[in-house]
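Okay, so here's just one chain, in C-alpha cells, the form predicted on its own.
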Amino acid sequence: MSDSSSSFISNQVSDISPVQSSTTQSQRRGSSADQDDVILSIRSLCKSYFDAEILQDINLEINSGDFLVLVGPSGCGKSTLLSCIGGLTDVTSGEIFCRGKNITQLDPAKRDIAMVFQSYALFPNMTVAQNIGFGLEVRKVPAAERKQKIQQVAEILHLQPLLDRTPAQLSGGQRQRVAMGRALVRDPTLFLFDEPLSNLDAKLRLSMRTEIKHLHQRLGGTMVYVTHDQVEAMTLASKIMVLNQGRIQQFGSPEEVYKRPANTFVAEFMGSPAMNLIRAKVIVEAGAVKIQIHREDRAPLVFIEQAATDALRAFNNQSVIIGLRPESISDVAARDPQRSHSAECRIEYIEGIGSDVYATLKLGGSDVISRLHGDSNVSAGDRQQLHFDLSNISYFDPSSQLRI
C-alpha cells in the first residue's frame, strides 16, 4: 500500500461514534430543512490527461441522506469522478464543495470523507479488529474508547465472531465488510464506494447489496457509489447519474431514469433486458396522432397515441424511435385499455428463465424482446397475440437521439 493510501486511511477517523442512540439519530436527521442541506456540490468539473478529456463539465448536487449511484460503461469516467471527490485525483478545472466548503485543493485526510475501495485494501498482518481500528490507533484514541467503537462497528456489520481473524481467513464478502467497517468507525460527512462488490460472485453480490441498502437505511449517511451494474444501481440508489464518455447523460431518481430515459443511450443502458428501440413513423390525421411500425411478415402495426405532445406532432410524416420496455409487450392484457394495443406477432425465438419467458419478435426492422408469463406455452415460429402497454412509451429523435 502506498504512503498516500495509508495516510488517507489512517486519517479517516474521528472521535464520533458511528452508532448513535435513537435520540441522536433523530437530531441528526433533524427537520425537513436539515434534510435539504446540500452535502456535495460539484461545479463545472473537468478532468483531462494530456489531450484526453475524461470528465467534461460535471455539475451535480446531492442532499443529506442521499444515496447517489454513478453508473455507466467501463471507461466512462465514474471512478475518476469518485477519485476527484475523495481527493485522490487532482481536477483540471472546476470546484468541489462539501457542506458548502470548497475542498477542491484539500488533502484527502482533511475532507471528512471515507472511502471503500474495490480491492478492500486490508492490512494482511492485522486482525479484523486491528484493521477496523487502525486509524483510531494512529489518531491516538484511548484504548477503551477504541475497543468500544470497534465493537459497535462489528455489531452493525455482523463481524463480532471474526474480530480475531486475519484477512487471509475471511471470505470475499467478509473482507468487504471489514473494509466498510474501517470507513464506518467514524462519522464522516460523505461515504464513497468504488465498485465494492465487483470482486464477488453473483450470490454474494446480492447478499452484500442488501446489506449496504440496510446499512444506509439504518445510519442515514450520504453515499456516492460507483458501479457498472445497472441492476445494482436501480436497487441501491435514491438518485442515479448515468455517465458516458465523461459526460452526464441523465441525473434523477431510479424511476425517472428507467421510465423516462433522456436519450437512447440511457434507454439501452438502464434495464435488463434493455429497452426496445423501434423505428416508427408519425402520421397526423384529423387531429389524431398515429404511430406506424413496419412489419416484414404482415401489414404495419398502427396505434393511436392518446397523449401526443406538440413536440411529437411536429414529427408528422417523419420517422421517430419509440422505446418500449420488455414488460410493456406481454401476453397479459394491459390495465388501461385507452393506453394499450393488441396485435398478433410471430415469435422468432424464446429464452425461458423460469419466472418469465423472453420472446423475441421482429418490429420496425429490429429484434424486439417481450416478456411473457413464465407458464406461456410458446415456441419459435408461433404466432402469439401480444398486448402493448403504451402507458410508459418513450419517443426519441432519430437525429439527436434525445427524448421527444
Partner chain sequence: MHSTIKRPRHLSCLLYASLTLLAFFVLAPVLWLLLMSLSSPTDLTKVPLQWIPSQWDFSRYALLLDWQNGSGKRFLAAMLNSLIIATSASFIALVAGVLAAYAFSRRNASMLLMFAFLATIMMPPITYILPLYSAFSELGILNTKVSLIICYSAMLIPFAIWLMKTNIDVLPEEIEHAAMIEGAGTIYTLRKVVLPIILPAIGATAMLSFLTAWDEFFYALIFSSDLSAKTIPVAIADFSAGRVTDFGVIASVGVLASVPPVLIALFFQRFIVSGLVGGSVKG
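Because the structure is a prediction, the values reported are computed rather than measured. Residue numbers count along the first chain shown, from 1. Between two forms, the rigid core is defined as the largest C-alpha subset superposing within 1.5 Å.
Below, we turn to the form predicted in complex with its partner chain, even though it does not appear here.
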| query | finding |
| --- | --- |
| Distance check, Arg139 to its partner chain in the model of the complex, heavy atom within 4.5 Å | yes |
| Distance check, Arg186 to its partner chain in the model of the complex, heavy atom within 4.5 Å | yes |
| 4.5 Å heavy atom contact, Ile293 to its partner chain in the model of the complex | no |
| Its partner chain contact at Ser119 in the model of the complex, heavy atom, 4.5 Å | yes |
| Selected contact from Ala267, Val128, Val224, Ala114, since only one has a non-hydrogen atom within 4.5 angstroms of its partner chain in the model of the complex | Ala114 |
| Residue among Gly86, Gly246, Pro326, Gly271 with a heavy atom within 4.5 Å of its partner chain in the model of the complex | Gly86 |
| Heavy atom contact within 4.5 Å of its partner chain in the model of the complex, the stretch among 101 to 109, 280 to 288, 294 to 302, 329 to 337 | 101 to 109 |
| Core fit, then Phe251 C-alpha moves 2 Å or more between this form and the one not shown | no |
| Core superposition between this form and the one not shown, C-alpha change of Met126 at least 2 Å | yes |
